[in-house]
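As a starting point, one isolated chain is supplied in C-alpha cells, in the form predicted on its own.
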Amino acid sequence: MTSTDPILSARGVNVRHGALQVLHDVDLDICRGEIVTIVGPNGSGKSTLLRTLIGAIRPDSGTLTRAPGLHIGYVPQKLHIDPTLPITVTRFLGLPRRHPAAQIADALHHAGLPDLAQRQMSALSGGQFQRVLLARALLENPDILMLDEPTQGLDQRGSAAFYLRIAEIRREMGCAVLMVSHELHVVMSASDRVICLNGHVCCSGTPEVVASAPEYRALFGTGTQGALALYRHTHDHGHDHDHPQEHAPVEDHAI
C-alpha cells in the first residue's frame, strides 16, 4: 500500500514569527499510504510545520514539493460553533460548498458516523464532533490527510478509538496520514514512522527507533511518562466506534 515515491516533501524549510525562529532547516518526505506522526514538546513548531505543509504559512526559505494534483484533507486542532446555531451535520458538511448526498454519506461512513447525518451539531459528543471534522476532511477525497492534535479534549480510550478509525481510513482509502500529537502512549501504535520535532527534526524513524534515540529521550525522558507504549488493539467492526471502552488495549509494551 505504501509507495516509496514522496507525494509531499520539504527541504531546508525555515519559518520565523517575527524575531522568533520557529522552524529551522526542516527536511521531510511523506509517501502515499503511510501514517506519519509528528511529536515534540510544546512550542516545538508542530502546528506551524503542519500549516506550512498545507500552504497556510509561507516559509521564509526552503522548498515544498507536492505531487501534481495533490488533494489535502485537514482536521484542525479545534473549531468553535455557536451552540445556539441550529445546524445539522449534513448542512455543516455542505459548507462552504454543497456536496452530493451520497458523497456526504460516504464520508460519514468512513468517519464512523453513518447514522448521524440529521443530528444537530450542538447535540454531538466531543468524539462525534471530531469525527464530523474528520468526515469534512474526507469529502476532499484526500491523497494525504493531515490532523493537528485531533483528539484534544477526549479521554485516553476515546483517543485510542479515534486513532483506530484513522488506521482504518488509511486501509480503506489508501491515503497518507500526517498527524500532530502529544499522546505518545496512544498514537505511536498507529504510526509507521515518527518525526520528533523541536524546531528542527531531532530524529525520525519507526516508533521503536525513535523511542531509543538519545534526542528523543533528552526531550521526553525514559520513564513511564516518556516511554512509547505500543498498544495492541482488538475490536469488532460491527461495534459503535463512539464507545471507546470496546477498544481497550489488551497489551501494553513499554519500550
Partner chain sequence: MFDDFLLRAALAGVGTALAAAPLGCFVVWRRMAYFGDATAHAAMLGIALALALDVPTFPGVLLAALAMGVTVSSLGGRGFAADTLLGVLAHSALAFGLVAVSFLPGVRSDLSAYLFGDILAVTRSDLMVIWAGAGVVIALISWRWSALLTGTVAPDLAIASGLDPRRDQAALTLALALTVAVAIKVVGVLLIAALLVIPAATARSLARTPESMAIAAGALGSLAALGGLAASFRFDTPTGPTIVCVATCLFLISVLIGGRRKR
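If you're wondering where the values come from, they're calculated on a predicted model, not measured in any experiment. C-alpha atoms forming the largest set that superposes within 1.5 Å between two forms make up the rigid core. Residue numbers count along the first chain shown, from 1.
Here the subject shifts to the form predicted in complex with its partner chain, a form of this protein not shown in this document.
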> Are any of the heavy atoms in Gly43 no more than 4.5 Å from a heavy atom of its partner chain in the predicted complex?
Replying inline: no
> Leu124 near its partner chain in the predicted complex, any heavy atom under 4.5 Å?
Replying inline: no
> Going by a heavy atom distance of 4.5 Å, is His109 a contact of its partner chain in the predicted complex?
Replying inline: no
> Taking 4.5 angstroms as the cut-off for heavy atoms, does Arg136 touch its partner chain in the predicted complex?
Replying inline: yes
>> Between Asp115, Asp82, Asp155, Glu172, only one gets a heavy atom within 4.5 angstroms of its partner chain in the predicted complex; which residue is that?
In response: Asp82
> Counting only heavy atoms, which residues in 34-59 are within 4.5 Å of its partner chain in the predicted complex?
Replying inline: Arg51, Ile54, Gly55, Ala56
> Core aligned, does the CA of Asp155 move at least 2 Å between the shown form and the other one?
Replying inline: no
> When the two forms are laid on each other by their rigid core, does Gln120 show a Cα shift of 2 Å or more between the shown form and the other one?
Replying inline: yes
> What happens to the Cα distance from Leu164 to Asp115 in the predicted complex: does it get closer or farther than here, with a change of 3 angstroms or more?
Replying inline: farther
>> Just to spell it out: taking the C-alpha atom of Pro83 and the C-alpha atom of Ala160, is that distance smaller or larger in the predicted complex than in the structure shown here, given it changes by 3 Å or more?
In response: farther
